[in-house]
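Okay, so here's just one chain, in structure tokens, the form predicted alone.
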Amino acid sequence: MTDKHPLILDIKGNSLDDGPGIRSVVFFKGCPLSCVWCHNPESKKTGSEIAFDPAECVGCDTCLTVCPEKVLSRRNPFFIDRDRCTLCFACVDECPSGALSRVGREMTVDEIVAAVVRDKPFFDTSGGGVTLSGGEPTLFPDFLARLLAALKAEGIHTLLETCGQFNEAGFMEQALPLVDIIYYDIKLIDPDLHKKYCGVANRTILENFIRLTKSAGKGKFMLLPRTPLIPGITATPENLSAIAKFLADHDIKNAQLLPYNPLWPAKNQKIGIAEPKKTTDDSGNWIPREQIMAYQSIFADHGIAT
């Protein structure tokens, strides 16, 4: 999609986990990273996709009849032959159960604002607002800036969740003045490991973070670095110690460690990914609470509260 019309995955209201207060979360489609553990794999591509949930399928075979390319078959591993599918969405339009669904839809700035502004009384009473997430909203700097401006015109608190891989000049000039809080992911310090597990090196991410710390220090917005705890990848003493030192070197006093959810691989099957890249032998397990506390102590030793 063009910058003017990114696809929106979803807008979820009544969120208590994506920033302060009660919030509505706008999920953008498209991300410059390709993390092997991505909890929202449907957000990686910028273009539309079709998801198939076999648990919702009622076996009516309506979709098989209406598909003009005949790319649907119960003999296909994931029902849809995606190499031949033209994304006409005839199957989605006719599916009575919702087993087939469109992933990503165009929405204008006005449509997004209209969808979230109805919850403004909840934002105001709880200290909440709107969180822009993804995917990666900064892939679309002009659209992002226009959306942020429209939200601020309604008196709505704004929070941006970002991986940090963005064009510094465009973001700093257009979007940053309109953001109240930034949740900034720092996953791995080692550039080679970052490229191995996230698809790109992390030089831009770390440089952008350093620039943001200077602006945040002036009280213009709140900056909170976050690290997802992925067993054997990000959740190692070596990586977490390196991240904590990096943050301490830039006078960061607060950070967040994101709990690991091992249920993400099931999402891949709905969009036709046969087997996500294997992370580690522990990737199917929850991280024990005592281990999380040990990771928190690494940051505490550097004077950083988590």
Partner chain sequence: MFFFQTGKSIDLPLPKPKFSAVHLLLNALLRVFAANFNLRPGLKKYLRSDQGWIDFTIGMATDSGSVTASVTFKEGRVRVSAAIPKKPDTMLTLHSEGAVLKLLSATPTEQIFMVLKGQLSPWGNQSYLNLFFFLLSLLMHGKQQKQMEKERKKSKKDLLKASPRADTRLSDELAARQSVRMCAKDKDPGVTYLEEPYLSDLSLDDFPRIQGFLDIHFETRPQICVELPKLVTDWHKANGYETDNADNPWHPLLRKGHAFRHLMENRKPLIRKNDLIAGTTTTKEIGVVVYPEGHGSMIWGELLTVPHRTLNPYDLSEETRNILHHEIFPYWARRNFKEWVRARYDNPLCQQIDERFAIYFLWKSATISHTIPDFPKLLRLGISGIIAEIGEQLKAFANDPDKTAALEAMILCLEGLAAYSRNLARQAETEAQNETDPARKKELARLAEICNQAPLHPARSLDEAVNAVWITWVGLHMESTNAGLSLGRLDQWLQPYFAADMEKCFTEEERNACIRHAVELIACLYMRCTDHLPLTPDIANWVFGGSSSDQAITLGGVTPDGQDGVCDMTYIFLKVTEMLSIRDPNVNARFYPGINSDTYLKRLCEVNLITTATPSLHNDKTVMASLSDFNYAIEDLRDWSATGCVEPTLSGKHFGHTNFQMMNMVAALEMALNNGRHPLLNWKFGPDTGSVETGDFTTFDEFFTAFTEQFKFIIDQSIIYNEMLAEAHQVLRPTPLLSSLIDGCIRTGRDATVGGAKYNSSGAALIGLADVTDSMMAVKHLVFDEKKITFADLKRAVDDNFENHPAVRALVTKKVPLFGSGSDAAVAMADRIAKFAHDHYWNKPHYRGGRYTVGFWSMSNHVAYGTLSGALPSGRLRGKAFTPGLTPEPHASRNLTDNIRDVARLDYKNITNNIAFNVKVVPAAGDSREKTVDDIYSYVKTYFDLGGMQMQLNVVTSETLKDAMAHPENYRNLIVRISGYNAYFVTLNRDMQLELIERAEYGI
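Keep in mind it's a predicted model, so treat the numbers as computed, not measured. Positions refer to the first chain, counted from 1.
This protein has a second form, the form predicted together with its partner chain, left out of what is shown; the following refers to that one.
Item to check | Exercise: residue 293 in contact with its partner chain in the model of the complex, heavy atom 4.5 Å | outcome: No, residue 293 is distant from the partner.
Next on the checklist: Whether residue 196 contacts its partner chain in the model of the complex should be assessed with a 4.5 Å heavy atom distance threshold; does it?
Outcome noted: Judged by the heavy-atom cut-off of 4.5 Å, residue 196 is well away from its partner chain in the model of the complex.
Checklist entry - Does the 4.5 Å heavy atom contact test between residue 125 and its partner chain in the model of the complex come out positive? => result Residue 125 belongs to the contact set for its partner chain.
Next on the checklist: When the contact criterion is heavy atoms within 4.5 Å, does residue 191 count as touching its partner chain in the model of the complex?
Outcome noted: No, residue 191 sits far enough from its partner chain in the model of the complex that none of its heavy atoms falls within 4.5 Å.
Checklist entry - Taking its partner chain in the model of the complex as the reference, which of 226, 82, 203, 118 has a non-hydrogen atom within 4.5 Å? => result Exactly one listed residue reaches within 4.5 Å, namely 118.
Item to check | Candidate from 251, 69, 238, 56 lying within 4.5 Å of its partner chain in the model of the complex - any heavy atom | outcome: The residue in contact is 56.
Item to check | Heavy atom of each of 161, 244 and 247 within 4.5 Å of its partner chain in the model of the complex | outcome: No, the candidate spot makes no contact with its partner chain.
Item to check | its partner chain in the model of the complex: contacting segment from 168-176, 144-152, 94-102, 228-236, heavy atom within 4.5 Å | outcome: Only one stretch qualifies here: 94-102.
Item to check | Residues of stretch 13-51 in contact with its partner chain in the model of the complex (4.5 Å, non-hydrogen atom) | outcome: Result: 13, 14, 16, 22.
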